[in-house]
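Taking the form predicted alone, here's one chain by itself in structure tokens.
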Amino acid sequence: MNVMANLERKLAQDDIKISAREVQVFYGEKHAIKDVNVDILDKTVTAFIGPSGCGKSTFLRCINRMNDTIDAARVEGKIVLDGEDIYDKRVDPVQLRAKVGMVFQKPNPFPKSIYDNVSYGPRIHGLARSRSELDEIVEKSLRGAALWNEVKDRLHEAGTGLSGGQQQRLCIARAVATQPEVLLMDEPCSALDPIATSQVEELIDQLRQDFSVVIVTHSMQQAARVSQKTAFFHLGNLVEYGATDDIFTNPQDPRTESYISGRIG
């Protein structure tokens, strides 16, 4: 039995993509994130849930050092991606963000063509040696975002001319074009109608075959639909983290139970 337990533990460690220890975030005097410890698995969708202002988006932005862009923000603790501390001074945040893609709340395509939106990242990171290689990356990324068939005959039209749901899938294609290993999504469906939301949720399920996906969502129903792991944040604390089914049906912390049942939030 001990052999099996050790084997399971070893398998679990091998599956860990991101490991956070004692992470604190301060905005000036405000202590926004307190002592977050979590292991995020590879090829898994992890949902961050909790009331507005609870710290879930702040912690998400720690994973690709987006908080570096805020003057008043200070991050303490350790976040390790594939064995490397991403806050080590030798880590280039630009290279890190190629490895950790991000999709924001509102679709934000560049004011460029659909083709140029997707090819921008591979171009600046030198991922294509020729135009034909770039064409391949663009097609593969748009296929990966379930958008290719809708836009293949209009690649040189403006990305801003697409519908909201298509724009969000274009932003996903742009994020995956740099061949990241982790995809962060900050409420990616909150600006979308129900049909577009359903398309993006189906896409998230497909993306986890290739990426570790971390999604912040204000919708508990969405978290239950798309994720295998869920983390509940409250007042800057990571209150509970576990299998999504367990969090929603058998939470261990009374604060989680209160949030799930609608008594807080």
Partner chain sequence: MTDTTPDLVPAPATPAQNSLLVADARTRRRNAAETRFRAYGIIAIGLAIAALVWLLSTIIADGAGAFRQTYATIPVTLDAAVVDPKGNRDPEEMKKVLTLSYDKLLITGMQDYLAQEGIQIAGLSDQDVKGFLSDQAKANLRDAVLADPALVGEVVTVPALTSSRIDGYFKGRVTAEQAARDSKTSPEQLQLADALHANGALETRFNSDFITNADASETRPEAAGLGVAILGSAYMMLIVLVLALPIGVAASIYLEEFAPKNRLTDLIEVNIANLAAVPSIVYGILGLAAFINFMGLPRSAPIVGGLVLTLMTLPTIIIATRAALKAVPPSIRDAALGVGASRMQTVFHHVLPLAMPGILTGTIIGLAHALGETAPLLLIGMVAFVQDYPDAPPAGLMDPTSALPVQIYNWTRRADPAFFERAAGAIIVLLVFLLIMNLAAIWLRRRFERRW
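Not measured: the values here are computed from a predicted model. Residue numbers count along the first chain shown, from 1.
In what follows, reference is made to the form predicted together with its partner chain, a form of this protein that is not presented.
Interface residue among K78, R154, R74, K112 relative to its partner chain in the predicted complex, by the heavy atom within 4.5 Å criterion: K112. Just one of S52, T69, Q209, Q221 comes within 4.5 Å of its partner chain in the predicted complex, counting any heavy atom, and that one is T69.
Mapping the unseen interface onto this chain, I137 falls outside it, with no heavy atom inside 4.5 Å of its partner chain in the predicted complex. In the predicted complex, Y87 stays away from its partner chain, with no heavy atom inside 4.5 Å. Although the partner is absent here, W148 is not a contact residue: none of its heavy atoms lies within 4.5 angstroms of its partner chain in the predicted complex. When contacts are judged by a 4.5 Å heavy atom cut-off, L192 does not count as touching its partner chain in the predicted complex. The putative spot formed by V94, G101 and N108 is fully lined by its partner chain in the predicted complex; each residue has a non-hydrogen atom within 4.5 angstroms of it.
The partner is not shown here, and in the predicted complex the stretch 181-213 never reaches within 4.5 angstroms of its partner chain through any heavy atom.
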